[in-house]
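Single chain ahead, by itself, as structure tokens, in the form predicted alone.
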């Protein structure tokens, strides 16, 4: 009899994928812009999963054939893994292509948690003087912030490996070319940083990257990035920090 407990298991994990936001339905312009972006960082975009965001496009009532778009994205090397903000027709096309639909709530939209009825107040007559007592606030007490621990990696990160941290990421070994490290917070590499490093991947613009020797293929903070083509203009063989200032990545030596 087969022991099913040894066949497979499910684990909770965080999956990182770039989001493609479209503002125009001109397929020729989309393809041209995609090629230009890919040429800036071919290794970063190679065989990359992709979530397609059509909210802005549909707000402008610009029609788009989702099947045609998916064929284009696959042709240039992307793998669409999700759609959000699509209309009924686009969602139907996505289902036909076995692409999941991500239902997102518009920012600022109310969350309805059900009807709450206030108890009726029927005070009984009394000969005693009425004392008014201040009622406590009905708002729930604020939840204290949860302490987030850093993720520590002591082994070398080899080519083809991907590391993701939901907090700060600390690496004490080298990061090889072709590897990718990502963190929602800061990234610290106490060794040579090759490959690709992406900090603040959920939009944390205050995140920073620190390393002893910068030889990266790509560095990124909150979506703003520089490729090796830009980085090779200057050699960094000492400790540096990288931070975001006015949507520009600043590389500063640490004395």
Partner chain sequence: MARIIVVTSGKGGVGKTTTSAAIAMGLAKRGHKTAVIDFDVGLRNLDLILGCERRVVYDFINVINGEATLNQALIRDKNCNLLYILPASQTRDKDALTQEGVGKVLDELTREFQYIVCDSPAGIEKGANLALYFADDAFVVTNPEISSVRDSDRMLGILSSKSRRAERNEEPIKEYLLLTRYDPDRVKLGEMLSLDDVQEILSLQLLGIIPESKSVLSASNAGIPVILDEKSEAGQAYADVVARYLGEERPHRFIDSKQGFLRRLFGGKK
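Numbering follows the first chain given and starts at 1. All values reported here derive from a predicted model rather than from experimental measurement.
Just so it is clear, the following notes concern the form predicted in complex with the partner chain, a form of the same protein that is not shown.
- Checked against the partner chain in the model of the complex, the residues 76, 81, 177, 153 give one hit for a heavy atom within 4.5 Å, which is 177.
- A heavy atom within 4.5 Å of the partner chain in the model of the complex is found for one listed residue only; from 87, 159, 172, 166, this is 159.
- Between 48 to 56, 66 to 74, 30 to 38, 215 to 223, the stretch whose residues reach within 4.5 angstroms of the partner chain in the model of the complex through a non-hydrogen atom is 215 to 223.
- Of the heavy atoms in residue 188, none are within 4.5 Å of the partner chain in the model of the complex.
- Heavy atoms of residue 208 never reach within 4.5 Å of the partner chain in the model of the complex, leaving it off the interface.
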